[in-house]
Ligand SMILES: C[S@@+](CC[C@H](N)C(=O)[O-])C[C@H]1O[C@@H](n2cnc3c(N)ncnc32)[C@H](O)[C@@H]1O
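Just one chain is shown here, as structure tokens, and it is the form predicted alone.
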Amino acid sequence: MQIPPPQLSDHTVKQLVVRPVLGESPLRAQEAAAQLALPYNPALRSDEIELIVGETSAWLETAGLKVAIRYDSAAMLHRRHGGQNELLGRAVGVKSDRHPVVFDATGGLGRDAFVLADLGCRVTLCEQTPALAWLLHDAILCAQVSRYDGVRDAAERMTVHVGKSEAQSLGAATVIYMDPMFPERKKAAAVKKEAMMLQYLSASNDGGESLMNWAWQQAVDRIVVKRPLKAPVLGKRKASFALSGKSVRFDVFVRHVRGG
């Protein structure tokens, strides 16, 4: 995976640095810093966001927040059998004989992308923050050697693309999926922590309006937007239908587009 240099803007909240895990070989951390063109700082603790890289593990940390991506964690193994997976699968159009190609326009931590891959879809996760894209790619590599067959199989169907979704051109065979950050959503403590980290890493956030405008310019037959249960529909168009769970809703926009 080719990682471009980080593009910082006036909206960037914190600088990213790479730090090795104390007591472990620093080689992989040094390689990550060089690949990402980020400062390498072996000192403990800082006011920046740290991409902490060990010999076999990696995570993001800042101001007491620690966020890791493990697709074979107990939480993710539990989620593989969760009821919300059925809603997500139905939203993107999964059927027994149909497993759409999905473009996840808001890669983030890749949890929904993993669920879709576990349901049989091929998923491209687009993430514009290079350090987070690196972490996603590393998590997928780890999942590919998991002791769980299902986790390995799902990971083989996941690919990370580094860059802005708005720069991509997609064809009709692809379903666009997005989960824009939404600060008003009531979250559990762990989810709030992860949302805060993603907001630290985001150079800008217009609530998903620009992504939605881009999505409607693509020659795709379906756009799926994850929303808090009581949030307004993103954009000015009415959803074709919505699937609601206990706390989230999937707004589905079905289009009839011809051509690539």
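Quick caveat: nothing in here was measured; it's all calculated off a predicted structure. Numbers follow the displayed sequence, beginning with 1.
Keep in mind that the form predicted together with the named molecule is missing from the display, and what follows is about it.
Among 144-152, 165-173, 94-102, 116-124, mark the stretch whose residues have heavy atoms within 4.5 Å of the named molecule in the predicted bound form. Checking each option against the 4.5 Å cut-off leaves 165-173.
Should S202 be counted as a contact of the named molecule in the predicted bound form, where contact means heavy atoms within 4.5 Å? Yes, S202 lies within 4.5 Å of the named molecule in the predicted bound form.
Since only the chain is shown here, I'm wondering whether G89 would be in contact with the named molecule in the predicted bound form (any heavy atom pair within 4.5 Å). Judged by the heavy-atom cut-off of 4.5 Å, G89 is well away from the named molecule in the predicted bound form.
So in the predicted bound form, does any heavy atom of L211 sit within 4.5 Å of the named molecule? Contact check for L211: yes, within 4.5 Å of the named molecule in the predicted bound form.
Please determine whether A139 contacts the named molecule in the predicted bound form, using a 4.5 Å cut-off between heavy atoms. Contact with the named molecule, no.
Who in 111-150 is close to the named molecule in the predicted bound form, meaning a heavy atom within 4.5 Å? Contacts from 111-150: R111, D112, C126, E127, Q128, T129, L132.
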